[in-house]
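Below sits a lone chain in structure tokens, taken as the form predicted alone.
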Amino acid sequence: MSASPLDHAPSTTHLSYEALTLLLQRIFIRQGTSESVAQVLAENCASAERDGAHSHGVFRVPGYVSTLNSGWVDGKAVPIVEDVASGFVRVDAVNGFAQPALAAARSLLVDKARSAGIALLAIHNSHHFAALWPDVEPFAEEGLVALSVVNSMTCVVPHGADRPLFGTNPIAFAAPRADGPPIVFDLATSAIAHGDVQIAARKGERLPPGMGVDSLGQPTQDPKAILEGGALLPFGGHKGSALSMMVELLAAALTGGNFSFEFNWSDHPGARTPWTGQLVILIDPSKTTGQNFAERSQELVRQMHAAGLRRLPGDRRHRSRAKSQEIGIEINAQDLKQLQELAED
């Protein structure tokens, strides 16, 4: 019997960054966002997929769609930007996504940082469901140092506690350097990102020890046990737990956003996006004395390599980015089919 054409169908395909972004824009608009919100979200998801951050790329799209359909978030919200002080900008995201709120305040924030040397952006009433590094990397490409924190939904047990309270509460940092791309890292204060646990569960993979506990509070390597009544642990024990607490204070208490435990989405079945807050701090290193900051950053990189460090934070993303720019972004064929269906419904 001859083989079916499906037996030889490729399991993956490749799309350009522009093509993937346009496809994602169509999905978001089809699911009820404004064109401007759709563009920001699409660029964020496409950038994550391009750079190999799969847990925050197209994997997130069904969650966005489910959330938008639940009525939990306003996909057409127009952020309200307030010029609070010489180095302080406040944005009410109006129950919309955080990235459009950041985009709305971006030029004012940069102007303040260049004028005062440092500026702070406080976003509240917002939803953040994406990788955090795309929020800070563009600032470093303009020569600024950027730090951002955002809190999430309750899913992490504080060190020494017996029930979840914190979110995964990531921290992202970006700094310019000479002769190379910015130094960028984006890390969850949990032992593993929540999205990576979801992907492991979908693939039927086990997790390394120390990532989480089951519904009885017992250590487990089963991602499904963590997702179904269990919880994540902070990285580094009390150290990661302290950083997660700091993120709650900066991203929620300082901005006027919700703590990870302060919102209830039970009346919105399908909601996935945490309704919290975000803080962004920009520093203009040209205001300092001494050598050029980017050159000093480059010297640090040289010394790190001399000490035997082979890979810097962000190196893997940049390799994935270069490969994607050369041959296109690799997408699982089934995932692409799902995206196309969501765009055409």
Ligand SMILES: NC(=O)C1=CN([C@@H]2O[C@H](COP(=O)(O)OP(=O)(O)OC[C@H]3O[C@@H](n4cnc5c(N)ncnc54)[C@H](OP(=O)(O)O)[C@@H]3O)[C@@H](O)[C@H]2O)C=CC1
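What you see is a predicted model; the values in this text were computed from it and never measured. So that there is no doubt, residue numbering starts at 1 and follows the sequence shown.
Another form exists, predicted together with the named molecule; not displayed. Remarks below refer to it.
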Every residue of A140, E142 and L279 near the named molecule in the predicted bound form, heavy atom within 4.5 Å:
no
Position in contact with the named molecule when the complex is considered in the predicted bound form, options R26, K287, R296, R316, heavy atoms within 4.5 Å:
R316
Scan A193, L250, A200, A77 and let me know which has any heavy atom within 4.5 Å of the named molecule in the predicted bound form.
A193
Does at least one non-hydrogen atom of N69 fall within 4.5 angstroms of the named molecule in the predicted bound form?
no
Examine P170 and determine whether its closest non-hydrogen atom to the named molecule in the predicted bound form is within 4.5 angstroms.
yes
Is H56 close enough to touch the named molecule in the predicted bound form, meaning at least one heavy atom pair within 4.5 Å?
yes
With a cut-off of 4.5 Å between heavy atoms, is S152 one of the residues that contacts the named molecule in the predicted bound form?
yes
Specify the contacting stretch among 237-245, 250-258, 162-170, 201-209, defined as having any heavy atom within 4.5 Å of the named molecule in the predicted bound form.
162-170
Just to make sure I understand: among 179-206, which residues lie within 4.5 Å of the named molecule in the predicted bound form, judging by heavy atoms?
V184, F185, D186, L187, A188, A193, D196
